[in-house]
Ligand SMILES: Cc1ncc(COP(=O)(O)O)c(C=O)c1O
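So this first bit is one chain, no partners, the form predicted on its own, shown in structure tokens.
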């Protein structure tokens, strides 16, 4: 490969909560003492352990070399590169600069959209399992989440329950729905047909859609992203979609996302809402990070990254199915997260989830409790590491956790 996805980066001391967890992040893991000789393998928070594409560093460093950082407006190049990225990667047509707007983060954009489309105390439809960020952001801002559970079919593929969605919309008088496309934490990449069925329900009941598409670049095994806004005219005009290079290129520490909203009324209201606190403003270095990311080298880097992630996910899924009796999973089609179900294992061995989770942490496998994502026996695992580290993690889980 042209780019480096094999080097093990020592992130300790370099501002990474993945390995240097602040006290308030430890929660009930604070009492877990790591066994001597076992270093930390970060498999919880959704950031990657690969060096960024070099054009990002170059763009940021070149800008830092100019000794002034005053007020600024986004460069035309910023919007042009986003347009080109969306047109090339997602086959988007008709996207104009005015449809694109900066967001400090996808979740902030979701809240701004909710504040425009709903009143405090209103119900919002969200699929479960649910990204914990949705739960916290919506509840903290006074909205009531109504969950429509996804289900796994006979092939262990996560599916939307359209009958349940429609019933919840009618029963709870819902007029806003959250789409996560691709879905986090399940890793499901929705097809055009599935999105069309969902949109038919939303249109029938005048439901506006907020679509988190931050994972849209990170697809596995040749899967393709279908932008929610692209499936029909209703979706085009009734959806606020949110993207970010931060997930694709591991730039979360620099902050920076963007929305795509075609409906003038909706876009203008959301931009007004986001502006009220004077907080939703771009950092000049995050702009240059995006400019560096969306270069031709960035296209190449993401294509190689998807190959690496596909290999990592295949290795992990095969290992679990072959070696961890009582642990089940649906193979993700996108993202780099696994959402495994340990109910069979816990019941067969008479242990609870805290005990199981702590055993992993004890041996340096820092994985994530899936219960806040509405998976009663679930664990969420980040596989965006060099393959040798993924193998080491599963070797530890085999020897010291599941088959000790």
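As the structure is a computational prediction, the values presented were derived from the model and not from experiment. Numbering follows the first chain given and starts at 1.
There is another form of the same protein, the form predicted together with the ligand; it is not shown, and what comes next is about it.
Interface membership of residue 286, defined by any non-hydrogen atom within 4.5 Å of the ligand in the model of the complex, is ruled out. Shown alone here, residue 184 lies within 4.5 Å of the ligand in the model of the complex, counting heavy atoms only. Put simply, residue 85 is far from the ligand in the model of the complex: not one heavy atom of it is within 4.5 Å. For the chain shown alone, residue 107 is a contact residue for the ligand in the model of the complex, at least one non-hydrogen atom being within 4.5 angstroms. The stretch that touches the ligand in the model of the complex, counting heavy atoms within 4.5 Å, is 130 to 138, out of 223 to 231, 130 to 138, 111 to 119, 287 to 295. In terms of contact with the ligand in the model of the complex, the residue from 190, 215, 78, 249 that brings a heavy atom within 4.5 Å is 215. Proximity to the ligand in the model of the complex, defined as a heavy atom within 4.5 Å, holds among 379, 46, 53, 365 only for 46. Counting a residue when any of its non-hydrogen atoms is within 4.5 Å of the ligand in the model of the complex, the one hit in 160 to 183 is 180.
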